[in-house]
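Take a look at this one chain, the form predicted on its own, written out in structure tokens.
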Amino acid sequence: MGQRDHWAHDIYDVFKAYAIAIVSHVPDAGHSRLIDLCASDAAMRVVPLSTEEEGVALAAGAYLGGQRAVLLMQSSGAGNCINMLSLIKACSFPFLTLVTMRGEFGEFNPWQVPMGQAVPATLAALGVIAQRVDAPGDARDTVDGAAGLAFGSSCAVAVLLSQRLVGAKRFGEG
């Protein structure tokens, strides 16, 4: 296991410790190793989504059913969730999302830059507490703290996984 993979294993371990039962995602190369780890675990249900805001509703339903969920998305997907994120504050349920960032370090696609740069302020405006991971060694503690905050205080928390952490995509990559 290389250093680039290690953070995904650390996050998976945190998911296990918090008994995450549902992991929803829109397919994303940045989350691929974490998705694979969760999919291989019989105690976790991995749910592919057609759009990110479905994951907010799924997290609400999981909470109402006595389970914990997490939404994995890319920074461009945060823009798709703006209206649904208001549901969290209105209904006071715990929400944890991990966001792979684009539009940062080494970005090749100019379409990714505006939303990537707007994510932290957009989440803050909607009452979502954002915490950032830039180094592989910080992933476990940051996700653990975010999960504790979200599930312990019934609030919305996003962990922003920097482009430096997940690796900048190159032209022609997925």
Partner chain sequence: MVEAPRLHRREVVATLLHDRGDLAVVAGLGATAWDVAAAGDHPLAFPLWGAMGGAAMVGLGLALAQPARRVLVVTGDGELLMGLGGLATIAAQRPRNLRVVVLDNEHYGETGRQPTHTARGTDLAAVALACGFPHARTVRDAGEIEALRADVHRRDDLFLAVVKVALTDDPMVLPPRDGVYLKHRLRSALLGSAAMLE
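These numbers come from a predicted model, not from an experiment. Positions refer to the first chain, counted from 1.
Another form exists, predicted together with its partner chain; not displayed. Remarks below refer to it.
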item: One residue of Met44, Leu58, Met115, Leu37 in contact with its partner chain, assessed in the model of the complex (non-hydrogen atom, 4.5 angstroms); value: Leu58
item: Interface membership of Gly65, its partner chain in the model of the complex, 4.5 Å heavy atom rule; value: yes
item: Contact test in the model of the complex: Gly137 vs its partner chain, heavy atoms, 4.5 Å; value: no
item: 4.5 angstroms heavy atom contact with its partner chain in the model of the complex for Gly145; value: no
item: Its partner chain contact at Glu54 in the model of the complex, heavy atom, 4.5 Å; value: yes
item: Contact segment among 124 to 132, 101 to 109, 66 to 74, 29 to 37, judged by heavy atoms lying within 4.5 Å of its partner chain in the model of the complex; value: 66 to 74
item: Stretch 14 to 51: residues contacting its partner chain in the model of the complex, 4.5 Å heavy atom cut-off; value: Ile22, Arg45, Val46, Val47, Pro48, Leu49, Ser50
